[in-house]
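Here are two versions of the same chain, shown separately as structure tokens and labelled structure 1 and structure 2.
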Structure 1
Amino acid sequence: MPVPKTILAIFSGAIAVAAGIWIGQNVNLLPIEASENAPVYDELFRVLFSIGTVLFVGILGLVVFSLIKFRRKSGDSEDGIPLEGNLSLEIFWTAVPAVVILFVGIYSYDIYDRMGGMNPLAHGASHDHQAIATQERVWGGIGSGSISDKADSTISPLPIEVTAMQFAFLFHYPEGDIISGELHVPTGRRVNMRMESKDVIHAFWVPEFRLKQDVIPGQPTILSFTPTKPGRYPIICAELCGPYHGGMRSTVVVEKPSEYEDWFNKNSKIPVLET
């Protein structure tokens, strides 16, 4: 007894969905996670990868089935059957992508909000004075002494000024008046970077942090992150910025807090205050 086409289609679709979900959740194509943002971003990537795999497996299976089922028979020289539009099929292949795109859009917005992308909008104009005060606290006072010399138990964000130019990144630490070609940051401490370009548009990209931010001339941009895993990770300019764009790279060195403090005190131009 032949299997009904509807049952066969449903069964084939279920296999494609199961295979896509399994591949999307178990095949890891991303580098290691080295910031607090990374797991949130990877969650979105796995969902998108699962959806893409389901579509790929389903479409590839349909193409292979069609090549076998509807291939020209030996000795058949007639034209194919003239077919016109199928309203039900057109509704189906319009509705399914629409639902998928709507889901991806809403889910991506949620991920973006969880990563802090909507924080500036959430405060509103009534909190502008608080934002200004926070900015002054984070970026003020170059002569603030050692990073461990804090008045309270709360660790404040680490301010770093980033200058991009053809074809290098420079990192300035206002707290110690340090200028470095490498970015040194401690684990577990939030880093606030104010970035500005001296010539053309560049991009600050660290794949292990899952972060990418354009650096624009005449328009400073802010990028915040919290590193979680010690190591050395590449900083890549991901915006075509000239003939040597491919060589515009640097390194972010993520260290344990004690190691970072040793590096900071060793390179600081401001004497460490004794407490």
Structure 2
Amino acid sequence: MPVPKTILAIFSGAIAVAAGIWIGQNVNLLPIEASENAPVYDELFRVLFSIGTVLFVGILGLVVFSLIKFRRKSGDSEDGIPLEGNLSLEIFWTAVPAVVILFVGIYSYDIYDRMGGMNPLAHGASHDHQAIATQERVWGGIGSGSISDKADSTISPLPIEVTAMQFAFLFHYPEGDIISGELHVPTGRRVNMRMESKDVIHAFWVPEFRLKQDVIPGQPTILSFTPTKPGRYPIICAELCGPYHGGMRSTVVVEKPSEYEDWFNKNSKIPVLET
């Protein structure tokens, strides 16, 4: 006895959805998570990856199925069914993507807000950060906000001034007047960076932090993040900046607070006042 077509259709649809969700949740395409920002990003990625896989597998299946099932048999010169449209079907497949898009939009807004993207200038607990914000033509990057607000009350954010030039990054620590080619940051403390370029547009990107912000000449930009996992990660320039663009890389060294203190005290040009 043949299985009814509707049941087959629902069954294959359910398999596509299940496969999509499984792939989305279990196939990891991303590097390790090394900032407070990263797990939030990966949550969004897994949801988008699941939805995308379901849609792609669904359409791929429909196209391949149609090509096999409805292929013309040799010698058949008849036309297909003269079906010109079906209003309820068309409303259905206008509504479904609209609902999916609406969900994705609201969800990614929520993620964006959790990353602190919606209000990067007001959330800065440091006066330093607010001072930057009031300057003319300073625009914030993502990740400058609310995730670590609790921590802010106990530990003040670490201010760092970043200068990009062809083809290097320089990191200036105003607290200790340190200038370094490598970025050293402690875990668990928010870093507030103010970035400016000397020549052309560059971009500061750490894949493990899931953060990127262009570094622009004549217009400072700010970026905040809280590192969580000790290790050495690449800092990559992501904006074409000249012949050696591919070689414009640096390293961010995320250390435990005690190791960072050692590094800081060793390099600081200002004697430590707090005892």
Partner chain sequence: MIFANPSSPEKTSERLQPTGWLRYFSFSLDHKVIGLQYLICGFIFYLIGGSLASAIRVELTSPISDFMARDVYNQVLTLHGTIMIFLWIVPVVNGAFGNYLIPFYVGARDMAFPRLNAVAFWLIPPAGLMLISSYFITGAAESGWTAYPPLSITTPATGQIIWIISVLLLGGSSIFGGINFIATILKLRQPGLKLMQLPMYCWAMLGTSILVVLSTPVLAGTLILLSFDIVAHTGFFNPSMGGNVIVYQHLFWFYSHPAVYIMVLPAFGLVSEILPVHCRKPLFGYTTMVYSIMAIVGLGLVVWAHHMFTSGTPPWMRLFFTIATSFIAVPTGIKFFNWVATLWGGKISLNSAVLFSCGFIINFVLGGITGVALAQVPFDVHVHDTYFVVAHFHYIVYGGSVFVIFSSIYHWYPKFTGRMLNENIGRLHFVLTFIGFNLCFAPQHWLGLNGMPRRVAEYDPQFTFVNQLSSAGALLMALSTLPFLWNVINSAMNGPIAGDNPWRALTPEWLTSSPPPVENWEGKAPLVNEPYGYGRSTKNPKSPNDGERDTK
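In this text, rigid core is short for the largest set of C-alphas that superpose within 1.5 Å between two forms. Residue 1 is the first residue of structure 1, and the numbers go on in sequence order from there. Values in this document were obtained by computation on a predicted structure and should not be read as measured data.
Asks: Looking for the form predicted alone among these two structures; is it 1 or 2?
Replies: The form predicted alone is the one given as structure 1; the other form is structure 2.
Asks: On a rigid core superposition, would D110 pass a 2 Å threshold for CA movement between structures 1 and 2?
Replies: It does not, since the D110 C-alpha is displaced less than 2 Å between structures 1 and 2 after the core fit.
Asks: Spell out whether the Cα of G181 moves at least 2 Å between structures 1 and 2 when the two forms are superposed on their rigid core.
Replies: Result for G181: no, shift under 2 Å.
Asks: Quote the shift of the Cα of G75 between structures 1 and 2 to one decimal place in Å, the two forms being superposed on the rigid core.
Replies: In the core superposition between structures 1 and 2, the C-alpha of G75 moves 2.7 Å.
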